[in-house]
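What follows is a single chain, given as structure tokens, in the form predicted on its own.
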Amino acid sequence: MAHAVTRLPDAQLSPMLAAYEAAVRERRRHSFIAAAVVLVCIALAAWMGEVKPGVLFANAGRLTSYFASIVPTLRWDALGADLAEWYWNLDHWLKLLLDTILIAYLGTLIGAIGAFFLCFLACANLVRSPFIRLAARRYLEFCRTVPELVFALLFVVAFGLGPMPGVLALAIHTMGALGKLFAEVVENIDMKPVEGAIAAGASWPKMVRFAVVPQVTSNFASYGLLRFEINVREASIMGFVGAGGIGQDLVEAIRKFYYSDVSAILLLIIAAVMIIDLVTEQIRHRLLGVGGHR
């Protein structure tokens, strides 16, 4: 079916086209100014941070040659013997890798428990006292602002070498990071159950227990699993400062130029993180109910 298109008279069409072209030019001008500002900011940041692209390009070959040197020579006709020689210390490395996962697990669990109890105090829709909210938010900021390695160094000085400093460092940082995410989830809940619980005379803890927690449990669990993935990676480098895990053997291999050991340990860490990522991703999708849409 044919449709008739009405053409406006030139006297009416010309001003509209001119206004459209002027709007396009104005938008392009704004985009150009924004891009120029971003480029200037990048250049200033690189200059102040002493980031030198020339040094990067001049030494890029050294990085690739290092990665080439840590890859062992594998012969197809003697593949079994070469793999056995490559992973000569597999039992010990697997034990350290298990220690790393346990450090991440304990750090995540302790941090998530702390974040769970603190997040409700930081929510504007649940706590009327600005002092309590301010104190809870600032404490969570402090926990997540200090890097895990700094906490680990402090705890190594206080408690000595071993997994305990790593667990404590991850727990504190996890508490701060998850506390912020949990609080944002709570501040976006449906307030009708909360108002109903208050109208029925429920105390503040009972209101949180029966009106808030049921709405946020799946999101809390999802964020907790995501944090566990992150903590497994973070726990892998805790050994660099003596806080336990497979990082201790990794940094020793790097310092002593045990090239094949470096690649063997790195591959074990990558494989473990990938497996944990895949498993926790499936669990998180099921908790959030998005598995059927993928």
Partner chain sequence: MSRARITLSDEARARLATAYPEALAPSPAQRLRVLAVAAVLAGIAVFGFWRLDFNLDRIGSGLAQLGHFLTLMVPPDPGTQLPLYIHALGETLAIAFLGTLLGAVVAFPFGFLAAKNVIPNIFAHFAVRRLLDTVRGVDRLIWALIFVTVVGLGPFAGILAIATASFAELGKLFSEAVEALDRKPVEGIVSTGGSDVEAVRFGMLPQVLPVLASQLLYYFESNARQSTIVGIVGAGGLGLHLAEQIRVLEWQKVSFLILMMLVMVAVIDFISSRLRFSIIGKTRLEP
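Numbering follows the first chain given and starts at 1. Keep in mind the model is a prediction, meaning the values are calculated, not measured. Here the rigid core means the biggest group of C-alpha atoms that line up within 1.5 Å when the two forms are laid on top of each other.
There is another form of this protein, the form predicted in complex with the partner chain, and it is not shown here; the text below is about that form.
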Candidate stretches 182-190, 132-140, 116-124, 91-99, one within 4.5 Å of the partner chain in the model of the complex by heavy atom: 91-99
Contact flag, G224 vs the partner chain in the model of the complex, heavy atom cut 4.5 Å: no
Quick one: is Y105 in contact with the partner chain in the model of the complex, heavy atoms, 4.5 Å cut-off? yes
Flag S69 as yes or no: does it have a non-hydrogen atom within 4.5 angstroms of any non-hydrogen atom of the partner chain in the model of the complex? no
Is it the case that G160, even though its partner is missing from this view, gets within 4.5 Å of the partner chain in the model of the complex, heavy atoms only? yes
Within 4.5 Å of the partner chain in the model of the complex, do we find a heavy atom from each of L74, A84 and I275? no
Consider the chain as shown here, without its partner, and state which of L153, A177, V194, V213 has a heavy atom within 4.5 Å of the partner chain in the model of the complex. L153
Can you name the residues of 166-189 that have a non-hydrogen atom within 4.5 angstroms of the partner chain in the model of the complex? V167
Core aligned, does the CA of R28 move at least 2 Å between the shown form and the other one? yes
Core superposed first: is there a CA shift of 2 Å or greater at F257 between the shown form and the other one? no
So with the core overlaid, does the Cα of C41 end up 2 Å or more away between the shown form and the other one? yes
